[in-house]
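A single chain comes next, written as structure tokens; it is the form predicted alone.
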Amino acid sequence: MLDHTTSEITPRKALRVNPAKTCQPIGAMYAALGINRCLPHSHGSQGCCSYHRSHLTRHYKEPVMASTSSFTEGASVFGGSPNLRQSLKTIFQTYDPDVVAVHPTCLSETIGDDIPTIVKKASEDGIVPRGKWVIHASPPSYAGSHVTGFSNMVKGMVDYFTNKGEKKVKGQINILPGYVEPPDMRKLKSMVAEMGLTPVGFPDTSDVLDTPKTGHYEMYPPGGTKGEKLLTTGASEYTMAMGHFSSKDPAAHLELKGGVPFTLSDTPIGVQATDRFYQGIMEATGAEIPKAQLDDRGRLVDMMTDYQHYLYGKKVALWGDPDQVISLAEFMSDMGMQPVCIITGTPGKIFEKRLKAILEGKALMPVIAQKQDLFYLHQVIKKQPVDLLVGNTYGKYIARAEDTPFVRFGFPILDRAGHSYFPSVGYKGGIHLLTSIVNTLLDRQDRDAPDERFELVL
């Protein structure tokens, strides 16, 4: 399909081919699902909500519930206030959520609907029942990416739930995980709990988009952080925020609104990023890393050593969400691999700056680009062929065209299983990720080996 992609790169300002991102409301919807008994609400046309739900459903293979204001031509001209008021009335009467998380789409953002005022009036008129919450964020599709939308919705949670002046709860810390998978969120909570601390994770999509099969349908799965718990985020002693793009703004807003200091860390993928995660918690709380985690670190380093001869010097191209890609590039560099091209579709100059700092002094400085697409990446590796591709499902066309091994990582993964059940964060997550990388390279080695080099033991 992409066999005729040329290596000649022409600057493109207004055109994206095979984008390395998707739109803000998807990230906002995903974040909202991390609140217990929360119904995400798409304030816009019905088609927008359907697309966002289907994209998340295809990735997680779980039903994603959300509602919509169902804009028609009339709402587009006269405003969506009546649609939102009627939607909230129907939602609370029929579906009885504890929280409704409103995210406007392009249409409602463009006409300028004043969501806080509409919600306030609905509450005064008794449309929003007592003890229920309606929160909102502003994530238009024509700016940022799904990572930006996620960040905006988490910031919205801080706006509506965090209170200043709360009496501090000893040992309680907020965990802002960034845009990660449900098993990553579960792993992060357990890593903090093993240090003797009480984590408040938000959002927390574990046990929401990876629920067990029970034979009984539940519109609101048991997972997610409860609204009552979110109200205590201002009482936490500290906040650990992971990922500059997805967690910095919410963490800074939480510090301003709730008086809770924070440490910003990279997403803990690989050895060094996980080390920094633990170091941040130790410096803030005085807690110690449990021996079990140190043992897992040793196992990861041991595996990196055992398979060094298969990894060293291998050239790799990476793409995806910036917070994850930054840590992933560092991890691969630590394993002796050489990132050749690293791109993200999310805008933000810190991406290039952070990667250059991490990879400084390496033999090969890669092509680094933010706000780019996979067509650009394909053109780069046409000039500089790689041994491995690592990124989301949309790279499979490049992998086929260039006959290059491919490890699926990030969001979305639409054509493989297991990504929503196994964590990538922490030392154990690193072991799982390293296993996928090594086995993919070994599969290719076996496929290409002549008879005399086709070994049983590697």
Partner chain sequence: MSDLKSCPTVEPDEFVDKTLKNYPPKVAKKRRAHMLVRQESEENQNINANARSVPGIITQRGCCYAGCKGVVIGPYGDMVHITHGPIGCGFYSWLTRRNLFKPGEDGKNYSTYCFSTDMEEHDIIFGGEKKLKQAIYEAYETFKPNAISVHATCPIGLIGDDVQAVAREAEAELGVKVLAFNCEGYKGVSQSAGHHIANNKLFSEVVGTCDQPIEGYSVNILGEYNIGGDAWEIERILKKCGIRVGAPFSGDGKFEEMTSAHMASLNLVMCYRSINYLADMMETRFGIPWAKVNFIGVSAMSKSLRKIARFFEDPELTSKVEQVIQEEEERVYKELAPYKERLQGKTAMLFVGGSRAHHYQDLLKDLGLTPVAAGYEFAHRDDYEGSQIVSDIKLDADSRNIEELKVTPHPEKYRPRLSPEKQKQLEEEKVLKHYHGMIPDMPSGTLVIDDISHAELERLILDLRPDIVLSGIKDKYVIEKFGIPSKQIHNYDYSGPFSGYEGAINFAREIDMMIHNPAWKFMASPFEKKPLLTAELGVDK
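Residue numbers count along the first chain shown, from 1. Just so it is clear, the model here is predicted, and its values are computed rather than measured.
Keep in mind that the form predicted in complex with the partner chain is missing from the display, and what follows is about it.
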Within 4.5 Å, heavy atoms only, one stretch in 188-196, 273-281, 308-316, 102-110 touches the partner chain in the model of the complex. Which? 102-110
Verify the contact flag for H216: yes if a non-hydrogen atom of it lies within 4.5 Å of a non-hydrogen atom of the partner chain in the model of the complex, no if not. yes
Looking at the partner-bound form in the model of the complex, is D302 within 4.5 Å of the partner chain by any heavy atom? no
Using the partner position in the model of the complex, report whether P405 sits within 4.5 Å of the partner chain, counting heavy atoms only. no
Heavy atom of Y95 within 4.5 Å of the partner chain in the model of the complex: yes
Even though the chain is shown alone, can you say which residues of 50-65 have a heavy atom within 4.5 Å of the partner chain in the model of the complex? S50, Y51, H52, R53, S54, H55, T57, R58, K61, E62, P63, M65
